[in-house]
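Here you get one chain, nothing else, as structure tokens; it is the form predicted on its own.
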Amino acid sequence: MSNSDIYLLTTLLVYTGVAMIASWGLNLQIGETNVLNFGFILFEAVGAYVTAILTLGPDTGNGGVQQYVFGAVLPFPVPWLVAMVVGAALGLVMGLLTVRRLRGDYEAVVMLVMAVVAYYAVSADTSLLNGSEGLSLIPAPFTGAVGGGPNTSMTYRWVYVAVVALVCVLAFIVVNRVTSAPLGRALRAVRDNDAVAMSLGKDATRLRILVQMVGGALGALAGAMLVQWVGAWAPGSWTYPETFTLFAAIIVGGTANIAGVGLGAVIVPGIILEGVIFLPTFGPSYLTPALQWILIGVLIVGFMWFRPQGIIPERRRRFPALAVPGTAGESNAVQLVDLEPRRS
């Protein structure tokens, strides 16, 4: 395999891993709890910007080429951890502003508007995060320990892929623990019927805000990982259609199924959006992006119409329950009680 093939392959693997983590974060919101967050890409943007300003140092040290607030030089993995904290805080703010008073379409529209407002605010103010030109020359992590960087060392690129894979495993474990625990059953109860969940003593509002925070932390982590791979970040990197790429991954893979969402992230953001780097160029420059979005739209419509449960459907959870002793024909029988029926 040539260096150019390794360069493309490692890029594809990193982008796929980042999309997988972001998709799991969004799935916690929409798939597990039915929080329609059409502005999820804002979490990725916040994570990327926080990581950038915590690694670039003060803007006075770059000859005035870039202008941004704060600026520090923190070692890996501190910027990623701080980005997650900021993402969770943003999720708390968005939750307090939306899920306490809004549901469904209204909630989705407000979150989308928040992302659009943030996009134009960052683009217009050059002193905040360098405006529409964005930030560049963002240092790559652990270059001293490995040697070289993503543009000069193939060893470094494979190490970064390994780090992304490790983070994906940790994220999978965290999300799986959340969804398989009693907390996960409470989230799905809120998703299916929040009135019934509240009648059973579950605080639906608090649970919705919680998934905003956890999903926000995962989205910010994805942005942090991505920005230190590409070395640059600008408003053009987080336009609102990017959120619908993650929605497509969830719909195609299987809503509320962690493995399914991971598979959807491989198919949609990985193969369809990034896999084109392996294809020969053809036609005008705008043709390939247009075909990508057309294909994503067709996938969304096709799966929602013919297979709304996705490739890997949500697992039907069944729990054993002892029958009441003394009842006719069921003295010591064990029944399987379906506490979470499959949604149509």
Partner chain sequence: MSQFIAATGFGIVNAGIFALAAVGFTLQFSVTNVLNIAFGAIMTLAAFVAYELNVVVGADIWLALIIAAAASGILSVLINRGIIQPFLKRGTSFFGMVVITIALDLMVEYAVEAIWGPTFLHYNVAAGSPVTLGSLSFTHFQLVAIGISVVGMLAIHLLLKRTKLGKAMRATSCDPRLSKVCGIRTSRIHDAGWFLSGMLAGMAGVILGLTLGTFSFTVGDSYLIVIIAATMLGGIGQAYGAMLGAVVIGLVTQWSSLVISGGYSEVVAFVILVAVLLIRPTGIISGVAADRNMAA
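Positions refer to the first chain, counted from 1. Keep in mind the model is a prediction, meaning the values are calculated, not measured.
The protein also exists as the form predicted in complex with the partner chain; that form is not presented, and the subsequent description refers to it.
Colleague: Assess the spot marked by 244, 293 and 297: is the partner chain within 4.5 Å of a heavy atom from every one of these residues in the model of the complex?
Modeller: Checked in the model of the complex: all three residues contact the partner chain.
Colleague: So, in the model of the complex, is residue 138 in contact with the partner chain at a 4.5 angstroms heavy atom limit?
Modeller: Taking the distances in the model of the complex, the answer for residue 138 is no, it never comes within 4.5 Å of the partner chain.
Colleague: Can any non-hydrogen atom of residue 68 be found within 4.5 angstroms of the partner chain in the model of the complex?
Modeller: Because no heavy atom of residue 68 falls inside 4.5 Å of the partner chain in the model of the complex, the answer is no.
Colleague: Against the partner chain in the model of the complex, would residue 192 count as a contact residue? Criterion: heavy atoms within 4.5 Å.
Modeller: No, residue 192 is distant from the partner.
Colleague: Residue-level question: is residue 304 within 4.5 Å of the partner chain in the model of the complex, judged on heavy atoms?
Modeller: Although the partner chain is absent here, residue 304 would touch it in the model of the complex, with heavy atoms inside 4.5 Å.
Colleague: Among 258-266, 109-117, 157-165, 209-217, which stretch has residues with heavy atoms no more than 4.5 Å from the partner chain in the model of the complex?
Modeller: Only one stretch passes the 4.5 Å heavy-atom test: 109-117.
Colleague: Quick one: from 124, 196, 181, 170, grab the residue that has a heavy atom within 4.5 Å of the partner chain in the model of the complex.
Modeller: Residue within 4.5 Å of the partner: 124.
Colleague: Of the options 227, 221, 251, 187, which one has a non-hydrogen atom that comes within 4.5 Å of the partner chain in the model of the complex?
Modeller: Spelling it out, the residue with a heavy atom inside the cut-off is 251.
Colleague: Going through 28-46 from first to last, which residues have a non-hydrogen atom within 4.5 Å of the partner chain in the model of the complex?
Modeller: Going through 28-46 in order - heavy atoms within 4.5 Å of the partner chain in the model of the complex - the hits are 30, 36, 38.
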